[in-house]
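Here's a solo chain for you in structure tokens, the form predicted alone.
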Amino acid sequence: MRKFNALVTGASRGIGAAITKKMRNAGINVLTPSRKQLDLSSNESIDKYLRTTDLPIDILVNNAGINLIATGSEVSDQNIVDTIQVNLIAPIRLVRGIVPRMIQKRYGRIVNISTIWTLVSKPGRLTYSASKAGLNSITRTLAVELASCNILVNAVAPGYTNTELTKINNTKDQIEEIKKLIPLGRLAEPEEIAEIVYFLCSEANTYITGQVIFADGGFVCQ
């Protein structure tokens, strides 16, 4: 069995932690740098991490992201800069640094974690939705550019998921109301999202590329 190395950003909790656990259980060596090691808000930190990481990365999961709530009339310059930096610029820089080795090996898997708020939206998601929509476009472009090198690039767009952040941003009563809006009647579990990401990153995926897969219990279908 081939030994693969993966880099998963934002792996300390929620979906990122579930992805990491799933991959490690499958025998994949997963790099999960701390913010001190890899600060996605700093291009200097990103470049330093890429320079000092000797392991060839076969799998990249751009999971880390920030969601700073603000409407179009109140969004601050700092909100714009921070959100675009972490959610869009950082993944591009990681791809730029990692893909050349994938091309040399003629193998690679990249999965970008997007969101349902690129297809539907709600107030306060201006910069978040814009940055993740850009990530979807990056996914499609890279899929076309890298297909001939056996590098498959996809995005997974989760809906409401049972994470710590969801519980922080919503009361128990609000979560119960949210469940009523989801055809399956419940939130996703992080492990369910991790299963999709793992398949897309695995050797079992041989033909899916350039796709944004919505995992939302049917929420955006209504």
Ligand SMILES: NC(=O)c1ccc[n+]([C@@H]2O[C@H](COP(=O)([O-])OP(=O)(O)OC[C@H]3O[C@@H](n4cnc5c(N)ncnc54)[C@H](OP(=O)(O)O)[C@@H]3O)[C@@H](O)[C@H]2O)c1
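Quick note: we count residues from 1 along the sequence shown, nothing fancier. What you see is a predicted model, and the numbers here were worked out from it, not measured in a lab.
The same protein also has a form predicted in complex with the named molecule, omitted here; what follows describes it.
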- prompt: Thinking of the named molecule in the predicted bound form, which stretch from 128 to 136, 145 to 153, 70 to 78, 94 to 102 has heavy atoms inside 4.5 Å of it?
  reply: 128 to 136
task: Can you work out whether the named molecule is within 4.5 angstroms of a heavy atom in all three of 118, 194 and 199 in the predicted bound form?
output: no
message: Since only the chain is shown here, I'm wondering whether residue 14 would be in contact with the named molecule in the predicted bound form (any heavy atom pair within 4.5 Å).
response: yes
- request: Verify the contact flag for residue 39: yes if a non-hydrogen atom of it lies within 4.5 Å of a non-hydrogen atom of the named molecule in the predicted bound form, no if not.
  value: yes
task: Mark residue 179 yes when one of its heavy atoms lies within 4.5 Å of a heavy atom of the named molecule in the predicted bound form, and no otherwise.
output: no
- request: Examine residue 64 and determine whether its closest non-hydrogen atom to the named molecule in the predicted bound form is within 4.5 angstroms.
  value: yes
- prompt: If you look in the predicted bound form, which residues in 153 to 170 sit within 4.5 Å of the named molecule (heavy atoms)?
  reply: 158, 159, 160, 161, 163, 164, 165, 166
